[in-house]
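We begin with a single chain expressed as structure tokens, specifically the form predicted on its own.
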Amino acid sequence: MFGIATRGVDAFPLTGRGWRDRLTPLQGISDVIGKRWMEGAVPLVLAAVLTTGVVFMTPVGATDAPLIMDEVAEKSLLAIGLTLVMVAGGIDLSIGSIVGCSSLAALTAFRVWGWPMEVVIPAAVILGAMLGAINGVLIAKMKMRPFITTLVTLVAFGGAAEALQSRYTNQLAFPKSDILWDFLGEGAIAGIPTAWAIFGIVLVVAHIGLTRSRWGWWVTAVGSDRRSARRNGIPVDRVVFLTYVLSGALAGLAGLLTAARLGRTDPAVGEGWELIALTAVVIGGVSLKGGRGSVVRAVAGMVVVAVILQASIAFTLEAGGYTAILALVLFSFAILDLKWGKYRLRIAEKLTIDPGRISVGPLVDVTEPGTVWSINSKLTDAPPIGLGTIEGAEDCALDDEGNLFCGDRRGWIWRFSGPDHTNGEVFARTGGMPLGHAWDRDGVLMVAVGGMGVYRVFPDGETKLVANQVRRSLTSLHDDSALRFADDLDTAPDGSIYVSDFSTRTNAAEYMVELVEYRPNGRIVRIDPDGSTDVVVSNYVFPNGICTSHDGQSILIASTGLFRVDRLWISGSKQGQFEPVMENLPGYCDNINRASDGNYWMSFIAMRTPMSDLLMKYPAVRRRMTREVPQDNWLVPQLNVSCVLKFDDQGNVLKVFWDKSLENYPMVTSINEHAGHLYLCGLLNNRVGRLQLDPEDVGDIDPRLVPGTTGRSLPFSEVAR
């Protein structure tokens, strides 16, 4: 986005940068290029430039608009049908011959056979659909190649039109009047010429059908990847067959309108129209490979072709000259479509990572002896739970009966029961990455699932979505409505749930990007008891841990990217205020949880180093690193760090525990206190540690309860769904 949307408290000033650093032009360009509607944007822009140049450099002007619209109205019907075929991955070269055959058949039925116009009109369209069905059967059912097949039917249908002309040449020469025939050729609907009005209706219906209907999605899926479409239950053959039928029907309608407007016809009508329609759809950005395209853009391409045609008439060019011009335009735009389709997403991907500059304070030396930060081995011998069974428990929660619930990278939630938590079983399956765990006021387990949102997990293992999106920012080019990475949460006394969504741009698997960008892409979201959501803090750099304070009047927020902890007042006289608690920490802080003695536990997932601090000053170096170096070799903080600290409400660090060996607990992402023990979780660990606390660290507060509540009415195992 070119600017950062502000909702709730604006945390951008915490970065220490000015207003210019709010602007992210490269990301804005990346967002625009990555939009689906940009697939045909460049061809359309060049088409607009080409049209403008033709208008200014030739005698073509406003007086030629009716003639141009006549051409557009009739030939755009072919472009619409051809777009449907090409989006499904095919091509139809026979549409010009279908136009000639349908127009001759309509005129013959009206003037020679004496059919009433009420029959002639649908008969012409049905004839076109039948000719298209021949293509559909040969291609969809008999698996013949579309190019060769429609090239053959181009000749065959053209031959049928010539035979019809030869058979009834004399009879067709005599005109015949009919009110419906005159209405099609010269009539109007609400002041709009009939052909224009019919074309407009077809365009709207085709656009809605292709972009908003299940069948339209099937067409796109078939053109994108037929094998995947078939595996997903899409009737591929039927979809392909129907696209050719519709293409033929629209060509038949175009032939009918052409015959009515001209009052005559011959086999030459429709000749070369397939080249005109193909040029129009390619100019409009319809992919020659299938899978993408728009009938609206195809019509815009037809306008360009019609303008070129009018210019060639103004300069009295022969038909061969006009065809040569179309061939040149088609060739140029085909190459452009190929290159733009190939490199568009690559360009967007290269521009999407746009590192920012962060101002940080001096680095604290944790290796200095005799300080509260002195490295020790207090975590090393903590007995493991679920050793070798768990794969990356980011966080955990314990119920009233002492059962331990923890997440797993595979999307599972484990339950370990018994006094020593030796009996483990898969309790629930989330389908995402279970991260933060917390209890709500009713004693139901709440889980922040990365990539999916916030879920309730009931005693029977069933999960229920609580929230997975917020209202989209009006000024954001990027869709920031989804909770892409809800990573921690906690419950407030009023029942609201506060969730940290560390990035509105990157997904769970791309967290390394946030450790390189240091952009304020994160936010804090409040989920009210009625399920409504609101952003209470925006423009935060990698918010992670969330913890309701002991008095219930504020929440503590850990910023992994800014090495700090902040407080958001949610009630009381300071409600809505935002203030620092801890700044310039020596590590990248993660989850925060309450301690039983009225203090708080927090972990570091990484430590700052002189190199990591230096890189923050040079975003251009980090940008080049992301473009030229594989992600595994990016210079990022030292992630394998086992560090747990206790701090008070004023931000004073009271104690720090380490696993100096890094053998048993190489990473600690969360700590939870229960019954005199500290439970150590780690996203890269294969266990949960259970550390016996010293009596001086244990108080009489139950840190699992929501502050301000007296307790749960029922144990978790008895909570009703």
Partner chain sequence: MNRTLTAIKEWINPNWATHMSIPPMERGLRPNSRLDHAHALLTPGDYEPEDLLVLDSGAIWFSSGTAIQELKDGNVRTVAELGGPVGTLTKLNSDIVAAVEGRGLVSVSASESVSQLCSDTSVATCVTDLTALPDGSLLASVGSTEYGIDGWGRALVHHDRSGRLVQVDGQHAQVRAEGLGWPAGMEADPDGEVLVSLSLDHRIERRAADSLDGAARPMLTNLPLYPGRISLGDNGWWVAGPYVRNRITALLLDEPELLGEMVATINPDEWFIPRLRSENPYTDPLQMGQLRTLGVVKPWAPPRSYGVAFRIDRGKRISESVHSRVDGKCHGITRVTAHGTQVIAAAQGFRSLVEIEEE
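Positions refer to the first chain, counted from 1. On a predicted model such as this, the values are computed, not experimentally measured, just so you know.
FYI, the form predicted in complex with the partner chain isn't displayed, but the following is about it.
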Q: Pick the stretch from 444-452, 644-652, 366-374, 465-473 whose residues have a heavy atom within 4.5 Å of the partner chain in the predicted complex.
A: 366-374
(Q) Using a 4.5 Å heavy atom cut-off, which residue among G386, G356, G432, G392 comes into contact with the partner chain in the predicted complex? (A) G392
Q. Tell me, which of K574, K617, R238, R145 has a heavy atom within 4.5 angstroms of the partner chain in the predicted complex?
A. K617
**Q.** Heavy atom of W658 within 4.5 Å of the partner chain in the predicted complex
**A.** yes
Q) Heavy atoms within 4.5 Å of the partner chain in the predicted complex: does L639 have any? A) yes
Q | the partner chain contact in the predicted complex: W634, any heavy atom under 4.5 Å | A | yes
Q) Wondering, does E628 line up within 4.5 Å of the partner chain in the predicted complex on heavy atoms? A) yes
Q: Decide yes or no: are Q165, L262 and S312 jointly within 4.5 Å of the partner chain in the predicted complex, with each residue judged by its heavy atoms?
A: no
Q. Within 510-528, which residues come within 4.5 Å of the partner chain in the predicted complex, counting heavy atoms only?
A. Y511, M512
